[in-house]
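Here we start with a single chain on its own, the form predicted on its own, put down as structure tokens.
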Amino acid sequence: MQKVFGRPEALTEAPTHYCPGCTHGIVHRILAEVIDELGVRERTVGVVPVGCAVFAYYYFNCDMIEASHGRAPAVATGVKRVLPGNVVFSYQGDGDLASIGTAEIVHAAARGENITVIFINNAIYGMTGGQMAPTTLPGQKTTTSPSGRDTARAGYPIRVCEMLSTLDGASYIARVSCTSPANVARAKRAVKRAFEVQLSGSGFSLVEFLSSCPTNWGMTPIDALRWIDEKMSAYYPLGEYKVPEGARQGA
């Protein structure tokens, strides 16, 4: 009997530590499948900082580097400049990328660093107990905003894709989700396109995933996916925000 489905070579057999219903596992598989399909595993380097994906070096079957909180783009930049023939990606959460690492990601994009960033946006600090993050929605309740995010006091959420797409150095910017099989397929196409941009030497690429955090949101996994579709996607619309000049949109 022909085997038609299995574990990607770019994933190890290690069981993950993620909470039930969290979509990190889906994103890991998408990323691993893309690495396999492009045939670049032996020359891929991943950079993971502090956050829910802090143990990703156990899960990806390629070279991995642990970075300080928020500094993954700087580490990835160093690796790519020293080893330009390698495929380099960072895997970052919203507290990491959009808070302590804001300057890092903005300037990496502005410089047009030829790296790929996988950005997980679950609108909360997942690893440290569910505090309000830079991406927490207006009115959303967290452990540090129990009455809901008050924009008069805490300001407004940062729309990373919209911000980075204004920079000339950014080549490909897209926002996706994993709330349905169709959205998973679109997400994989976006990730593959981001890596192809890097392989062509076209510059900085980033794919943002709207991701669920059922534990800290206090929801069932199904309700969490529904909340992404009904609430998060309204504030953070899905789609391609920037594509290489002359390329056709369609993630």
Partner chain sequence: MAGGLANKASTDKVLMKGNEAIAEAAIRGGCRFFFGYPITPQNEIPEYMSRRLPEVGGVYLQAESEVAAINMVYGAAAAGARVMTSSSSPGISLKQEGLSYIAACELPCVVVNMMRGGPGLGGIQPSQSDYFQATKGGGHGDYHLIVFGPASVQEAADITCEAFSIADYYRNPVMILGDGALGQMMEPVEFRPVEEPELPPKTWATTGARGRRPNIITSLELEPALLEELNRRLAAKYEKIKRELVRFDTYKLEDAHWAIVAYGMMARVARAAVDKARARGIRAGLFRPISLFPFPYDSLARVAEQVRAFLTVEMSMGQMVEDVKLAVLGKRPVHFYGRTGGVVPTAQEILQALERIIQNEAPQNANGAWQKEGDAGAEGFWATGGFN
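Given the structure is predicted, the values throughout are model-derived calculations rather than measurements. Residue numbers count along the first chain shown, from 1.
Omitted from view is the form predicted together with the partner chain, to which the following refers.
Shown without its partner, this chain lists Thr44, Asn183, Asn216, Ser202 as candidates; in the predicted complex, only Thr44 has a non-hydrogen atom within 4.5 angstroms of the partner chain. Here the chain stands by itself, but in the predicted complex one stretch of 154-162, 83-91, 114-122, 173-181, 83-91, has heavy atoms within 4.5 Å of the partner chain. Looking at the partner chain in the predicted complex, residues Ala67, Arg71 and Val75 each place a heavy atom within 4.5 Å of it. Although the partner is absent here, Ala103 sits close enough that one of its heavy atoms falls within 4.5 Å of the partner chain in the predicted complex. Contact check for Leu38: every heavy atom lies farther than 4.5 Å from the partner chain in the predicted complex. Looking at Val197, you'd find every heavy atom of it more than 4.5 angstroms from the partner chain in the predicted complex.
Contact check for Cys52: no non-hydrogen atom falls within 4.5 Å of the partner chain in the predicted complex.
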